[in-house]
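Shown next as structure tokens: one chain only, the form predicted alone.
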Amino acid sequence: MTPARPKPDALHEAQDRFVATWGQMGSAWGISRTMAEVHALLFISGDALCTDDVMDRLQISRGSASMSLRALLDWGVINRTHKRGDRKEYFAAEQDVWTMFRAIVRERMKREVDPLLASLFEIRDMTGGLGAVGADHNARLDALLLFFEVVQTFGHRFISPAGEGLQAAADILNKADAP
């Protein structure tokens, strides 16, 4: 006996709940809730949707939908696509979870860790000529710099677009925790 297929209403409700949950998580990560919800809709539906479809489903303005889609394209987690015989642009989310998270981590490294490192180096250089007075200050900065350089090196090594590094790292860590 085959299991009963879920009613379309149940599927729609589950998708809406996923979109809301993903939007809430995105805003906790410092990403626009709407941008996260647009991404969630494209991911969970598994279909390419046009801007009008996104607007209708999420009840958002054209401007908000367009800005979110543009940002998601910049992050590399969605792609533009076209449907034969239709002049509209369609958008589809990356469906491979590992590829999607590599793109997210890569973008966060570029936007957050790389500028932080540059600022920390500049701050340390400001006090380099202060002798003993600046030595303690710079020792603390050097410890912080070392940490973030390791994070940066790890990140760049394991999140390359073509690599399987993030999944390999997760597998290694998972095996280390296994009894």
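Each residue number is its position in the shown sequence, starting from 1. Fair warning: this is a prediction, and the values are worked out from it, not measured in the lab.
Missing here is the form predicted together with the DNA; even so, the following discussion is about that form.
*Asks:* Might Ser66 be said to contact the DNA in the predicted bound form, defining contact as any heavy atom within 4.5 Å?
*Replies:* Ser66 belongs to the contact set for the DNA.
*Asks:* Ser61: heavy atom within 4.5 Å of the DNA in the predicted bound form?
*Replies:* Yes, Ser61 sits close enough to the DNA in the predicted bound form that at least one of its heavy atoms falls within 4.5 Å.
*Asks:* Report whether the minimum heavy atom distance between Glu89 and the DNA in the predicted bound form is within 4.5 Å.
*Replies:* Heavy-atom contact with the DNA at 4.5 Å: present for Glu89.
*Asks:* Look up in the predicted bound form whether Arg80 has a non-hydrogen atom within 4.5 angstroms of the DNA, and give yes or no.
*Replies:* Looking in the predicted bound form, residue contacts with the DNA include Arg80, since a heavy atom lies within 4.5 Å.
*Asks:* Looking at 52-60, 108-116, 143-151, 124-132, which one sits within 4.5 Å of the DNA in the predicted bound form if you count heavy atoms only?
*Replies:* Contact criterion met by 52-60 only.
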